[in-house]
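Single chain ahead, written as structure tokens, the form predicted alone.
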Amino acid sequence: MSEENYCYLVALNIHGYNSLALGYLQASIKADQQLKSNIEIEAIDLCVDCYDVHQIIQFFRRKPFLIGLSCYVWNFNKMQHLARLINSLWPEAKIVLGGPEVTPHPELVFQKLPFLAAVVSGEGEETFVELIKTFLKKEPLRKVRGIAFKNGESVVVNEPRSLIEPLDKIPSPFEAGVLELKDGSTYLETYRGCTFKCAYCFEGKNYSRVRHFSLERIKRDVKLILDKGIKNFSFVDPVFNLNREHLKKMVRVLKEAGINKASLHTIEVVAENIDGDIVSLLKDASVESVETGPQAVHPHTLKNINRCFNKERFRKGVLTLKKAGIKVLCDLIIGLPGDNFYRFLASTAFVLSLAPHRIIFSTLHVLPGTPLFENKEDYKLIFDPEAPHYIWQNASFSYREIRLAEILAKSLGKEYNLD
């Protein structure tokens, strides 16, 4: 393999996890007959907090032709630093960024990193394969859908790429053997998109609809994971109990794959949709713990973030889960528009009354591409323009009150979350 065609993919993840996105990209490149014989790809899949950029560079053992960086809210500051260092050391190398942090506004990314070869927007599997081929052939980038690039001083945003359908077209990273499987931190995806449109969330990535991997594909992946000896894994789906019929099909597939040999941890559910029958299905799927809202409980706040909430149904759902022995983790967000310190206290008091296994407090990230980011003036949102885009204040929640809420949450979390 010619060194001039050596490529690296870099992900910086939360501690203990591997990048599913990099797995998809590697599997897609390995499955392409043309690239398989013309490109050598190496993944550098690291913990975001464990290495500085100079240590990360030590993993680049050969001169790179192309470097792909997978960018999220939690790693983008370090990825920018890494990109600048790579460009200084190998100015001829093509640096490509992708991921939800750079997808919504590529022109802003080029303002910070004008030397980039391209920014991939949206689903990257097909786009990245085509982009590499275009680089190898030295053809113009204007024909590659789903990217942005610089032409002189101007940023050119090409036409978006159609959503991948069916999703089974994407090769399985588990079958391709490109992901390191770890007990407790292996996860997979069964569908893309989200039926909910929460104003603070980029989970749906502006996908127009939900698309599912086939049940047979899911069963193969789960069986492969279990056959490798993994005893505890999870799904990254936005909602596991998306609807009753789909959940029944999923449980059947999981049981056929041998889920009784393992357990699922911390899947996300809508608590209001939980009843005795759903809990029985979750138990059949060996679900160990679930994560759910409410994020906030005040009606005005919920309206601002386009989120549904029924207090009594939520309470009943949580209690039903607990009674069945399933651990419940409840989420609350600090700094939402419409909230203030006392409304946040009311949300906290409600969650405490349910005595969940854990309470997860987080400060609002005003993420690019979300309705809150796009309509920030409506709520007078003031936030850090740099990742991770923490809220500083809004029209109803002052800077001082947000900081007080954070102090309270940190203290309460230390006392309450003892495991």
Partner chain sequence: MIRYHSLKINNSCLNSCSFCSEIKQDFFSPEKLNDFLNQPKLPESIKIFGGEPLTVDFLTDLVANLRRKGARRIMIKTTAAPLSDFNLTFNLVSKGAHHFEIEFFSFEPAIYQAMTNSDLSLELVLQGISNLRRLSLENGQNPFLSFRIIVNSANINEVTRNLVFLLKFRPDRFVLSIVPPLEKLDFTLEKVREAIKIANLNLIWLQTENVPFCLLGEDCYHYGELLTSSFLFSFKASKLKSCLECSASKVCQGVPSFYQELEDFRVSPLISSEKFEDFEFLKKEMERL
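Numbering follows the first chain given and starts at 1. Please read all numbers here as calculations on a predicted model, not as lab measurements.
What comes next is about the form predicted in complex with the partner chain, which does not appear here.
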*asked:* Against the partner chain in the predicted bound form, would residue 340 count as a contact residue? Criterion: heavy atoms within 4.5 Å.
replied: yes
Taking heavy atoms only, is residue 153 within 4.5 angstroms of the partner chain in the predicted bound form?
no
**Prompt:** in the predicted bound form, does residue 157 have a heavy atom within 4.5 Å of the partner chain?
**Reply:** no
(Q) in the predicted bound form, is there a heavy atom of the partner chain that lies within 4.5 Å of any heavy atom of residue 258, even though the partner is absent here? (A) no
None of 355, 50, 382, 57 but one has a heavy atom within 4.5 Å of the partner chain in the predicted bound form; the exception is 355
Partner-free chain; cross-checking the partner chain in the predicted bound form, the single residue of 228, 303, 311, 249 with a heavy atom within 4.5 Å is 311
Exactly one listed stretch (295-303, 72-80, 249-257, 157-165) reaches within 4.5 angstroms of the partner chain in the predicted bound form by non-hydrogen atoms, and it is 295-303
Looking in the predicted bound form, the residues of 404-418 with a heavy atom no more than 4.5 Å from the partner chain, listed in order, are 404, 407, 408, 410, 411, 412, 414, 415, 416, 418
